[in-house]
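What follows is a single chain, given as structure tokens, in the form predicted on its own.
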Amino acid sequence: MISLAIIGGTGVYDPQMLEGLRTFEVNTRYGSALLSQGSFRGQEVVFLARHGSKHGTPPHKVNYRANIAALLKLGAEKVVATAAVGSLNEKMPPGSMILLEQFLDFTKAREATFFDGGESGVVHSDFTAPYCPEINERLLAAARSAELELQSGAVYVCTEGPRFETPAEIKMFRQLGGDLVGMTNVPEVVLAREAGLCYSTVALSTNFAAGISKTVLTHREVLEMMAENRAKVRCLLKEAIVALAYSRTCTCQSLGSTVPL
């Protein structure tokens, strides 16, 4: 049985820690998703590269609904995602790994829900705790076990992309309480909650955001920092696979609704 899924963001394109890998496509009413499945220490895990294995899909074009629906169709219950982010908080410098706690949504043109009325109905989901507290606690314990530094409690600002943010926008986001900025966590976290999945994101700080950084931001800078931190990300994910082999006792499932697949 598959209960755990990993969504790899920028720089995390392949599940090298998994054995017996096979790649396959899952079709849903929202489109198809390409997944890989393998095992680690006896645990079956599904891996999905958010941007594709060669980073061919920009953040505003990712088919988030198909991705989450595919994981749900395979029986996944828990999802750990990674996301490269810019930092608005000096206490979360490049190289840091941080768990998200809240988000601010500044996306504009995305399919952001499974429930558009009509056949799918009208559903209003609770987002008091967008990220599963149970998974976050276990990830923190896994990081301690692996002697890795993992911060928690971050507020993530999601922008539309694919452009980087202006210094004026970053100043506004900081005033609103944002710690990190990225382009992919919404609607992914929203859809996971609607589907009743336990979802958590490990954010990987790759740079200080515009107006804070003293240099012009480039995508190459993001990839270079991800390459430097790939080993510790994989180390954390290995520990997480073992730590997340448990039966759920949180409220995430009860807060979800039946998603048409």
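Start at 1 with the first residue shown and count on from there. Treat the numbers as computed from the prediction; the structure is a model and nothing was measured.
There is another form of this protein, the form predicted together with a small molecule, and it is not shown here; the text below is about that form.
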Which pick from V189, V80, L100, M183 sits with a heavy atom within 4.5 Å of the small molecule in the predicted bound form?
M183
Single option in C198, V46, A69, A209 placed near the small molecule in the predicted bound form, where near means a heavy atom within 4.5 Å
A209
Go through 161-169, 69-77, 106-114, 135-143 and give me the stretch that gets within 4.5 Å of the small molecule in the predicted bound form, heavy atoms only.
161-169
Wondering, does A33 line up within 4.5 Å of the small molecule in the predicted bound form on heavy atoms?
no
Contact flag, A84 vs the small molecule in the predicted bound form, heavy atom cut 4.5 Å
yes
4.5 angstroms heavy atom contact with the small molecule in the predicted bound form for V222:
yes
